[in-house]
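Given as structure tokens, the chain that follows is alone and in the form predicted on its own.
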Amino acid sequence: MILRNIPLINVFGFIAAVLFSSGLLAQEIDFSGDWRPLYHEDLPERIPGPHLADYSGMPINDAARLRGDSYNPNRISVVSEYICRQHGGDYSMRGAADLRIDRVVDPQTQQPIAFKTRIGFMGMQRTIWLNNPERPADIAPHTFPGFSTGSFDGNMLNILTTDFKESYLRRNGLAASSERTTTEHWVMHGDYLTVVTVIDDPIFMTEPMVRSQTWVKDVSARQAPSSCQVIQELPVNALGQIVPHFLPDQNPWLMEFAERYRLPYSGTRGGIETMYPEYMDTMEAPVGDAEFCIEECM
């Protein structure tokens, strides 16, 4: 472009307008669309799901470990509150479900004020506010999606979420408290969306935990309506008095994961000390009689 015979002030104004417009575009990345999950990250944990007592790679404390050890998966079928239970907003990205993102625009200013998401599993919906609203009061009820606010840093959307209901860090009984907070970072590159989630739970973790997952845009994707119905699946809980569980030191399946994969038992118990290279200097021998891993071996 050649500029001739234009007053200097206009040239500066033109350059400023170009820079300002570019800045607006960088701050208004549109994530809307239908997305399908890719499972190249943590596939066994996500499909078909984690083994009981597999706490490996989790910076958990003793309280979380005790909750995990007491978990009996029969409660999903027996306790009505669990039958149609949604994932928490921080865990929903891990499941085997499609994602739809809608961009909400203020009708007067035409500026984006929120992204609304829907996860296929149980139809969990979530709002990520972009207009800096006040957070709920301390006495406000918590929800499974939590309360999310987002802001852009260049082409990255940073999201802070609070006010969660209690849920789980891993869907084998590892609990996630209602005091946890998450920070997410969304980056879109072509038809791929990468979401990095940092979970900070002062009740059940000793350090923050980082997870990531990637989605690919699919213009043909369509989500089905959520049709889960709460029914009594097993007769043993007809009076609503039984919550399947294991008492401390009574869970017979705690070593099954380590035995199947020929792993040191302490490594499967999680904890930050098992997540650093120095753990290799002190870890014990694998458990079990098999010479090698005996199931789903790579």
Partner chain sequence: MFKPQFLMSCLMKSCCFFLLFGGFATAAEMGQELNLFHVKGQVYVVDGAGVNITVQIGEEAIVFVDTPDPEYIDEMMSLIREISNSPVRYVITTALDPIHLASNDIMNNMGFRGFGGRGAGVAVAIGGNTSGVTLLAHENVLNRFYLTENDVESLTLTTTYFTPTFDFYMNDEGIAVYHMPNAHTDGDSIIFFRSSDVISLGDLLVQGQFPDIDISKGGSVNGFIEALNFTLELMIPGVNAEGGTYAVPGHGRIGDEIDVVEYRNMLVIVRDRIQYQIEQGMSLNQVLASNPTLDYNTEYGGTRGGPSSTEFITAIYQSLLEGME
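This structure is a prediction, so every number in the text was calculated from the model and none was measured. Residue numbers count along the first chain shown, from 1.
Keep in mind the form predicted in complex with the partner chain is missing from the figure; the text below concerns it.
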So in the model of the complex, is the partner chain close enough to D153 to count as touching (4.5 Å, heavy atoms)? no
Can you check whether P248 is within 4.5 Å of the partner chain in the model of the complex, heavy atom basis? yes
Any non-hydrogen atom of P145 within 4.5 angstroms of the partner chain in the model of the complex: yes
Taking the shortest heavy atom distance, is D62 within 4.5 Å of the partner chain in the model of the complex? yes
Among the candidates E81, E134, E207, D191, the residue which, in the model of the complex, approaches the partner chain to within 4.5 Å (heavy atoms): E81
Counting non-hydrogen atoms within 4.5 angstroms of the partner chain in the model of the complex, say which of D102, E166, D218, D98 makes the cut. E166
With the partner chain left out here, work out from 196 to 204, 90 to 98, 181 to 189, 108 to 116 which stretch has heavy atoms within 4.5 Å of it in the model of the complex. 196 to 204
Does any residue in 65 to 85 get within 4.5 Å of the partner chain in the model of the complex, counting heavy atoms only, and if so which ones? L66, R67, S70, R75, V79, E81, Y82, C84, R85
